[in-house]
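Heads up, the chain below is alone and in the form predicted on its own; it's given as structure tokens.
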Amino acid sequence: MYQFPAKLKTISYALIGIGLAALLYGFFAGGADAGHGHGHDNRPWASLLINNFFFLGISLGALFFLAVQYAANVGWSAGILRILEGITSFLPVAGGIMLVIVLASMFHLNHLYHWTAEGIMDPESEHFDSIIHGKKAFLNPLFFILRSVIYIIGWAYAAIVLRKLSLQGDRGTDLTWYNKSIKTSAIFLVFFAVTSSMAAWDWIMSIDTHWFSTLFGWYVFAGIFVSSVTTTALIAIHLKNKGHLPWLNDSHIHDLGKFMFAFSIFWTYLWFSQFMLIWYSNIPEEVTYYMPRFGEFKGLFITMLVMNFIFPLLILMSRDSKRNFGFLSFMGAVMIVGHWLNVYIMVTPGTVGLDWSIGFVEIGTFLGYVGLFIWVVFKRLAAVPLLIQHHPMNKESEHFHI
């Protein structure tokens, strides 16, 4: 049985401490400066939203990937299912924090969502906005909170059910648990298809309330799926190097590398499709989204694109690079940072604006989430065997070669 290493546990505690210090600094010391507007005050809240959404996305993407393995009756991945289960264990944690952010926003403890501003939907107010008022049926605090609760409870419940069924696979050869996992996964995938896009609209797209994109849900999905597969590959490589996954071979890692490469291209396709259509039509209410991202945030915007497209294209295209643990680990780290930047660029212009910077608050919060993620995931990995003992596809996975 895998044991959570004391050294890794100490590192996670240290990172969590850095994250808490960064947030406390942002809320108290950083927010104490006079003469700043909502953008400056929003900075710690925006950092919390960016990092929480990013790591929530990783755990949700892992749950989606796990459900696909069952629903499609996949054989090669039987040896990594416990890793995916470990990653999904972060869902309730990130989901709980997301509800805190949502409630704080709806009760005006921050100004992340412009559509919650006082008088914005009141025709008698000087702050009235007719466009935002037209979206009142969907964008109202009660419905917003209710949707968020439904998303998080639904995702967490699916993760818990699949975990319980998986544990039954350690206790006997009866495949009832496996058949139930297939049904549960099929139901979840339908729920996921609707709620993942709606959550992206609510938590991210509604920040820029005037703007909308029919591709946005797909675009966010591609980003979280790439991040989750990359995280899975990094954890698998770490455990393999420590001698804990003897049944895993180069072909398994190669397949994870192929997913990383393929969905990096898919993400880029969606990024370009969304941008190109808006640039070509040049409609004022649409181009306002890209104006600051090609203005004050241009350097970060281009850097993010290079890290998420150019690097994977050049490094992960060949077969050998996807079977080289060193190359894949390096590329995985680059892609994790790149997709974190993607979330940062989606959130920051509409919340922090010209008061943006990537400093102690942002980096410290990211490191804190890394530490919390490591602690939760590896604690879950250490709770049970790293291989589902009576999974019907274990033999096929063990002899998987491409």
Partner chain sequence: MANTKSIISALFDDDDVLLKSIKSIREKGHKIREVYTPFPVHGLDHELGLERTRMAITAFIYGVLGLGVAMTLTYYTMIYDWPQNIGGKPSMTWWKNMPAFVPVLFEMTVFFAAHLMVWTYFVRNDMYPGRKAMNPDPRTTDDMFMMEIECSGDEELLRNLLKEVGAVEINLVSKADEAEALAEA
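Positions refer to the first chain, counted from 1. Treat the numbers as computed from the prediction; the structure is a model and nothing was measured.
Just so you know, the form predicted together with the partner chain exists too; it's not on screen, but the next bit is about it.
- Contact with the partner chain in the predicted bound form, judged as any non-hydrogen atom within 4.5 angstroms, is confined among 315 to 323, 162 to 170, 97 to 105, 80 to 88 to 315 to 323.
- Using a 4.5 angstroms limit between non-hydrogen atoms, His401 touches the partner chain in the predicted bound form.
- At the 4.5 Å threshold, heavy atoms of Trp279 reach the partner chain in the predicted bound form.
- Within 4.5 Å of some heavy atom of the partner chain in the predicted bound form lies at least one heavy atom of Phe275.
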